[in-house]
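Given as structure tokens, the chain that follows is alone and in the form predicted alone.
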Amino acid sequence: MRPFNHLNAASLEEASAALKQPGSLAMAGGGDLLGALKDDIFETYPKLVVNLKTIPGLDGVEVKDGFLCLGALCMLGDLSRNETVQSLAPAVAEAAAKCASPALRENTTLGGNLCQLPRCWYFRKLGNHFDCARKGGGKCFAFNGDNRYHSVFGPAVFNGCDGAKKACLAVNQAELAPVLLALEAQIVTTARTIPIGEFFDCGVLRSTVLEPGEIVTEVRIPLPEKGTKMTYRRFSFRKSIDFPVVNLALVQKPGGEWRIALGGVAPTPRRAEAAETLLAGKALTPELAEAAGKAAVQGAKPTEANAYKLQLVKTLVKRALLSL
């Protein structure tokens, strides 16, 4: 790695002030940033890395004011084993237990999982070989390149540093994102509370709506009604290490309402609203589960290389529904 300054922040105030300085980046568990620094994927190397793990009080799990509150610095391994999480939001524990590898789960955090940068191989190419749109470059190389793991619902469009419109086909692969979207979570930061559906975004060197100096402190999940059912599913080519090619979460509420959230298929986590509408208030049958799987991919625009993802979604939705 190249040289950079390092700050062990003692408080949110200190960290926030440091992160407002140009050329500064935040680090929690380091699962995302350290790999990026070692591979030298940025055109401009950071001047300062702000360590958030030294800030006390951000790794707790508690029930408060009708919410299950998860500290942003909770380690994924701890989340997977926490009895309160297993009892109130078992899909969260299940998703956390399937992230990365056993060793990495003990060092990577909930906040880091949600805020990670794209895993697209053009974005992550060693030595910044591809100056892609998400790094301020002129284009997304996946459009005419290898896009087998990319979006099947079209690109994200955003303003580049020069004000011109850019497009990106990279997908959001945060393991916890679909679960939290299905559970209607809220993201608490040092500046505001953001509904999970408004938290994820695409832009130059960012995948959330966080402003410079804004830090995620907590994730709040409304306590599920009695009788709520939920499950989590993912597909990857290797059981350990790999990010999900497709993942999803299903929540069935006692009144017959469904929430289905998909990951790995679009630039941001995506609700399968057509499938939710199809299922609402109906008795679940194998035929209905299959139809819901097909409805979940309505509007998809896959390429020849990633069209297989549609069948993955259909199958995972059907199996998840029948498991409930």
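Start at 1 with the first residue shown and count on from there. What you are looking at is a predicted structure, and each value in this text was computed from that prediction instead of being measured.
Unshown form predicted in complex with a small molecule; subsequent notes refer to it.
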Looking at the small molecule in the model of the complex, do all three of Y149, P269 and N306 come within 4.5 Å of it through at least one heavy atom?
no
Residue-level contact is defined here as any heavy atom of the residue lying within 4.5 Å of the small molecule in the model of the complex; does I41 satisfy this criterion?
no
So in the model of the complex, is the small molecule close enough to A174 to count as touching (4.5 Å, heavy atoms)?
yes
Is L248 close to the small molecule in the model of the complex, meaning a heavy atom pair under 4.5 Å apart or at it?
no
Distance check, L33 to the small molecule in the model of the complex, heavy atom within 4.5 Å
yes
So which of A72, I196, A89, L79 gets a non-hydrogen atom within 4.5 Å of the small molecule in the model of the complex?
A72
Just to be sure I understand the contacts: of M230, V85, C99, A185, which is the one whose heavy atoms reach within 4.5 angstroms of the small molecule in the model of the complex?
C99
